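A single chain comes next, written as structure tokens; it is the form predicted alone.
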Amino acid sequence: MTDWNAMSDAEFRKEVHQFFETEYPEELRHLPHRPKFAEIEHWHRKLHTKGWVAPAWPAEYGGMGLNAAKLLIFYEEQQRGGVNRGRDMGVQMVGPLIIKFGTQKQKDYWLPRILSCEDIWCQGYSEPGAGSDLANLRTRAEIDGDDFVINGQKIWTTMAHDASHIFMLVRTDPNAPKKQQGISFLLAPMDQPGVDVRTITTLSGETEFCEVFFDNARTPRENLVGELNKGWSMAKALLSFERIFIGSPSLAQNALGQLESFARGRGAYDDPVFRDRFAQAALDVEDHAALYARFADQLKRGETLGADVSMLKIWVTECFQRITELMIEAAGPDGGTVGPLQVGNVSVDVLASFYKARPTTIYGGSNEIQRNILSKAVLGLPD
């Protein structure tokens, strides 16, 4: 096995870049939608053969065992090359929790199946009355013999219609004194009576989000990960690392590059007013990249990220939205055209980019919630 952490950062970046550049299918770069597993299965098999499915997992569990510095490089190159993350809920979210909190039996059974994508996972967190304020969740799980019986509803469940399993936060003690208490982390099969999945069509015409209804669905008690009623603290364990990746500058950098190429081809760049607005967006992207580098350095030094990391998500998503609005303007009367617009060798789906940018300020904790976190935890302002 290769000790990736023994390589210099420059050597490792070159290795990752070369692999993504030469092996990733061109037709899958910068996809404007989330693909089903069947669409990217051949790429997943290639990653699995190379041992690159789970870069953050310890090597003993089949991962690459990357330290924080190398992991940042891996994801930066992945995003820069337009490499789709694939169906990685299992790798990114449930796998690390099983590694940290699961029993040895759970590790032996679930982790190899996650790596091979024998099981494909979706996340059951948000509910109609519990989105950014997730602790308000109401989906119940009650013990019945050797099983949990689940009743309730989840919403905005990404690609649930393409998943074989769901990991979910459920309320197991409705009488707990605080709403964050009495919540447990369960694994459950999707293909069973009592689980009803309904797709939600987005503005762009995609059906990547779903509602999931549970009507006396069942899962074995052995599929409880961690302690009963301790699921809230487990879910929070992933947040600091997730926030730096959701705030990566690549989102805005890629959009800015597309905007420049498209605007030059359409002649919008000749307008001094447009150039001024483009320059402002470019400066915002550079400022965000510098801020991101500061937090990345903290991770590389082994430091824990504080609440101020929320700045990254706010900045990059709002900058991304402004850039896609400029794309619409640069397209002129074609700005509302469905499908890609061709300018020379450049093909840009400006409307899809605009639609893609709209929910970014909501998912992963809405920007309003992130601003509240900054005001309380960083600035010390009263409620």
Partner chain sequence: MLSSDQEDLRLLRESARTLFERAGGSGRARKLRDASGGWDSDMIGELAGAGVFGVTVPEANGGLGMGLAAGGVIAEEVGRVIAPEPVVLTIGLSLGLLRRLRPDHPKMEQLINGETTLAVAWQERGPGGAPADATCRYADGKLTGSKAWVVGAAGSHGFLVVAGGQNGPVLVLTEATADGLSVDKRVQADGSSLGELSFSGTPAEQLAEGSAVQDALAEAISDVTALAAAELVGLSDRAFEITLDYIKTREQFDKPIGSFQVIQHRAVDLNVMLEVAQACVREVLAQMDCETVPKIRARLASRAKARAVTAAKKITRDAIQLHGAVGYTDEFDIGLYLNRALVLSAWLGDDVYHRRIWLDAREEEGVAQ
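Positions refer to the first chain, counted from 1. Predicted model, so just to flag it, every value in this text is computed and none were measured.
Absent from the display: the form predicted together with its partner chain. The rest refers to it.
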*Looking in the predicted bound form, any heavy atom of Ser347 within 4.5 Å of its partner chain?*
no
*asked:* I'd like to know whether Gly131 contacts its partner chain in the predicted bound form, with contact meaning heavy atoms within 4.5 angstroms.
replied: yes
*At the 4.5 Å heavy atom threshold, is Gln192 in contact with its partner chain in the predicted bound form?*
no
*Using 4.5 Å between non-hydrogen atoms, is His30 touching its partner chain in the predicted bound form?*
no
*Proximity to its partner chain in the predicted bound form (heavy atom, within 4.5 Å), stretch among 265-273, 182-190, 88-96, 212-220*: 265-273
*Scan Ile200, Ala307, Leu228, Val197 and let me know which has any heavy atom within 4.5 Å of its partner chain in the predicted bound form.*
Ile200
_in the predicted bound form, the residue from Trp156, Phe245, Phe148, Phe74 that sits within 4.5 Å of its partner chain by heavy atoms_ = Trp156
*Taking Pro25, Ala56 and Pro58 together, does each of them reach its partner chain in the predicted bound form with some heavy atom inside 4.5 Å?*
no
*Which residues in 350-371 have a heavy atom within 4.5 Å of its partner chain in the predicted bound form?*
Leu351, Phe354, Tyr355, Lys356, Arg358, Pro359, Thr361, Ile362, Ser366, Asn367, Glu368, Ile369
